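Coming up is one lone chain in structure tokens, specifically the form predicted on its own.
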């Protein structure tokens, strides 16, 4: 199949050259499988196989893109797509800058992130996974919902500038398990990301769900007072916050457009806590990386913050063209962010709850309805949901109703960081819509930040 894909791209390249058209061809193939649960039953079990071909035509400073859903047997249809892109570019508005057309200097192929046993996991195995994850936890009041998504992604490229090709293949899985009380309206959640089948572990989800259920069924729920709290974030919450930083922080193009809380003057200066080390690391297969970017630049670990000191912006090729910067190998569908761990020996929720504490600690595993309030100040907002706990000073545990945080990233990851756990968790941030783009951020399992203010506190679930 790989050779057939690349041969098809070569034939399309030859066709474009014969027409005198400058093009970049981007092939995206996905095999996607989804099993969804609702009310403790399978509500959807589906799969799809899609091939997308994006054709980008260039003419000096003009550029036009045409994308089609197609099939490898439809070469004539794809050639028509080249003709359409060639016609479109003649009518395009010229850009204010000269766009770079990739010219690959060598053929590149990477299938190190592909595990066929994960990509092709069966319906029986998906169902068996869920049955293990929630064994003995469902009742007439507590119902299961969730998803098991898995599949394979194949990307390939060629341009009219050279005969060389690029080829990438990855496998991925994303699991979300939710147990919800039908009348009390609370929910607890456990999630897992996998790049290979051996990383799937339903027993870990069962452990977390059982522990949370015990507290949600037996501890007192309450509206907690507004004010400042020491907060321990779970991996979902930490990854969500970093995901927003990716948009309004260190992207060079966003900075130039005034949509970032970082400036060029801050390069080489301390911005966050000295405990904060963030890297774009395409060697970590758990992040479903591209080890070479889509312009042919080899991707190596790229430090963004070291001991809180800002190392520099990441530059997508087109933004670099527009603003006269040097591209940094970040012309990819997603980065491979890794937040370094700390030295706190706490690996599980049970261990966190058992830790001695001299004050109340609010545990927020998951943020809901997260969004940007002020990008130039780095302010985001999000509501707790799914399994928050208030760990009382005296050792007891309270179940808090949802609370809302509205904070600057500069505060969340600033000198208020108390500790980061030694253990790490890859958290899946893959979107559910559009072309399959498996993405994950590796974060410490727990991050404690002191003195963060709760802006709203609900009076009920």
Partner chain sequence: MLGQLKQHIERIKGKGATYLDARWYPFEEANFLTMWNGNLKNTSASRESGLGIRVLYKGAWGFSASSDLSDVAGLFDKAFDNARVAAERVTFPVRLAEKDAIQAKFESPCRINPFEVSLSEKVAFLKEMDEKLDQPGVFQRVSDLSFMRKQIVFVDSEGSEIEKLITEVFPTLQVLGRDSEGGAHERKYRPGRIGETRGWESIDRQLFSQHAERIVKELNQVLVADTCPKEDRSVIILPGLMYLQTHETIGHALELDRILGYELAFAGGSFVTLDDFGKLRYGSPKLTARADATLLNSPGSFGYDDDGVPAQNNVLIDKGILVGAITGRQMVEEANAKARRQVFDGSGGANRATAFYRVPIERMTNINIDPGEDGSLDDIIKTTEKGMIVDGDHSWSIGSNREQFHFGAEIGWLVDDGQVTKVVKNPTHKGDTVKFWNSLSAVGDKSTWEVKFVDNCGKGQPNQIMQLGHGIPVCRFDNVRIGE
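Treat the numbers as computed from the prediction; the structure is a model and nothing was measured. Positions refer to the first chain, counted from 1.
Just so you know, the form predicted together with the partner chain exists too; it's not on screen, but the next bit is about it.
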Taking heavy atoms only, is residue 383 within 4.5 angstroms of the partner chain in the predicted bound form? yes
So in the predicted bound form, does residue 456 come within 4.5 Å of the partner chain, heavy atom to heavy atom? yes
Check residue 432 for me: does it contact the partner chain in the predicted bound form (non-hydrogen atoms, 4.5 angstroms)? yes
Is residue 35 near the partner chain? Define near as a heavy atom within 4.5 Å, in the predicted bound form. yes
Answer key, the partner chain contact in the predicted bound form at 4.5 Å (heavy atoms) among 273, 246, 176, 154: the residue is 176
Just one of 217, 103, 112, 123 has a heavy atom within 4.5 angstroms of the partner chain in the predicted bound form, so which one? 123
Counting only heavy atoms and a 4.5 Å cut-off, does the partner chain in the predicted bound form sit next to every one of 64, 134 and 145? yes
Among 307-315, 206-214, 183-191, 285-293, which stretch has residues with heavy atoms no more than 4.5 Å from the partner chain in the predicted bound form? 183-191
If you apply a 4.5 angstroms heavy atom cut-off, which residues in 401-416 are near the partner chain in the predicted bound form? 402, 404, 406
